[in-house]
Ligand code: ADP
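Take a look at this single chain, the form predicted alone, given in structure tokens.
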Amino acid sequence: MDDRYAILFEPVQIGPVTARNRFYQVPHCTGMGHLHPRADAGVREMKARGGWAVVSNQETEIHPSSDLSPFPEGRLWDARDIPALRLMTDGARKHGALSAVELVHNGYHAANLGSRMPAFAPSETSSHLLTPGQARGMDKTDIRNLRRWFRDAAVRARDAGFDIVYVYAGHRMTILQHFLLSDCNQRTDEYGGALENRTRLLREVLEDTREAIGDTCALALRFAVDEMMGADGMQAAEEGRAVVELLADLPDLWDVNVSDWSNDSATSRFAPNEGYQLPYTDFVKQVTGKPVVGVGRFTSADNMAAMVRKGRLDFIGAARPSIADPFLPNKIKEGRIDEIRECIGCNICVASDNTGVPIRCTQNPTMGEEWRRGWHPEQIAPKGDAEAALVVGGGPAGLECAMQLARRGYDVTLAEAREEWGGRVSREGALPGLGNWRRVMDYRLHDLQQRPNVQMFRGSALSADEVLGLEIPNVFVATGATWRRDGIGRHARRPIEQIGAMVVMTPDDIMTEIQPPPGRVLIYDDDQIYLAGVLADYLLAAGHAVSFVTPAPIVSPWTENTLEQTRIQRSLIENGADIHTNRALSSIGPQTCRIACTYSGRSEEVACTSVLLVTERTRNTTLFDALQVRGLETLQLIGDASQPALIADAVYSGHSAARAFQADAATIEAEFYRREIIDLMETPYAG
């Protein structure tokens, strides 16, 4: 280990327990929770194996009145939840890590769609989520019950084997934070009004939790010091600091961040630098003598060590970087820094939770597959009987497939038609805000370039005859996809009528540096994911006038899942884009386009000098089709050439193909069907 990083591997005392180093995986959701406890435990155990000293679970509901259905978060409603959570604590302990549980009551953020219990809030209010029900203001009986639920859950957490028990007051998602915030809490009793009164319930729950867990577990407080709302919300320099001063030495550890979730987990598109939260959380170590953990998408070992050395943090907190590379601590310790898979800040992991599916990661295709498929991010089965493989296409799928085949021991030839590696990652990574995405390419290229069993060729567009001439019988085709120029997409299933000589472009044109002619560009987004919004920002910055047209009710609607949609639409508005939502492109004329309301059909014309169609992609399968009748032992289509989707899906496709090569087909099929089945045996409820 480099001596510069020795400080990161010092043990740190947290109340009655000791963390073996300063790497702390803060609580984060996995889309698994109480529905997939084995899979969830598999994610956490892999982090422990990778060297994280503390491994936390996700927000864990303490009572049915905090039911986050349909989202599968953690649950500790009663003693029946203990065995599932013990899977995690046993797994973490096996590898020398402490385990932490994040106890939560979500207040008016929980709609209780499953339990159908009334939602609670400090004062009467509408639900935080778009549901018909309102939350009722809590009376004193409700508060007494809430304190009891927290105490009971803390005891169950201790019995489940957790070393650290969290009290959670952040992200505008928790009742304890709701009591702190003046816009949520309009009470006039001892729990409302002055900040000290609004802090009363949090203090009481901390004291109750301490009493419940005794001296066997540490007590942590996760607190958002700033809401990033200016004077309209809690600010670190004012009430945020005051709360820390009021409670300074009550918890054994402070886990500090900013609210809401879109600020805490800001994407690299809008927060490109690591440590972006430190200007808000820096003060905490000046106020408390207890250890402090903070986050900010840390990936640089030098920056991590500097944060500790300068007294800004005691622990390097991470959610997303620990997802991208569960073995980040061990790689730093073992002097393998150049092998770290750095988080790209794309929030595909967040999108998984927001869509209620198991977690996935663009950089780490094994994330979420640890239990179901037995995948390890650093290990892969050795090669079978074959000696060599050819991968055609050096984009995300091809790079990942080639890298994993080489790791297995095959002689790999990788051919890319263009002069530059990376495919869509390289092209999209050159657009505004997406520079960190190039890490997908950089990590894999660096690995491949170190391997003597890999030959790499750029500027090599191969025909079927040329592939056969290489005499490599195992071929993986990753030739990508091309954006359509006819307008077919989600809304239009037939080509859009084009009348006259309008300049019609696609994202491929823009990303190969073909510029629109002077004048207004009409961007038609029938893809509705992220790319049209990025291209609009790019063209606006280049001085073009932009009309943004989409059949969707908002700009880039899918990016609500990555917590970016508000920022994207705000950016376009502030930069002067002319936005037309709920409008479909009906025809393209020589100087104008006709757009129609998706509800009424009423149409209008928009003047423009060019049209940029961001609609749908066509798979590039010409080479694959030509090879299908040529008698190869293995021929497989991967990545966007198989199914155009996200970069994360392309990487996963390449990884999965490499693992499955020469593996037992029945075993591979069984992996897809390994599920966690609910036990239907009747078990009496013991209370």
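Fair warning: this is a prediction, and the values are worked out from it, not measured in the lab. One rule holds for the numbers: they count along the sequence shown, beginning at 1.
Below, we refer to the form predicted in complex with the named molecule, which is not included among the displayed structures.
Only one segment in the set 632-640, 658-666, 36-44, 61-69 has any non-hydrogen atom within 4.5 angstroms of the named molecule in the model of the complex, and it is 632-640. With the partner omitted from this view, the residue of L623, C29, A53, V26 that lies near the named molecule in the model of the complex is L623 [heavy atom within 4.5 Å]. For the options A417, I554, L247, V155, the one in contact with the named molecule in the model of the complex, meaning a heavy atom within 4.5 Å, is A417. Among residues of the shown chain, K290 is not one whose heavy atoms approach the named molecule to within 4.5 Å in the model of the complex. The closest heavy atom approach of N263 to the named molecule in the model of the complex falls outside 4.5 Å. None of the heavy atoms of A402 is located within 4.5 Å of the named molecule in the model of the complex. Heavy atoms of A224 never reach within 4.5 Å of the named molecule in the model of the complex, leaving it off the interface. Residues from 450-483 that approach the named molecule in the model of the complex with a non-hydrogen atom closer than or equal to 4.5 Å are S460, A461, L462, A478, T479, G480, A481, in the order they occur in the chain.
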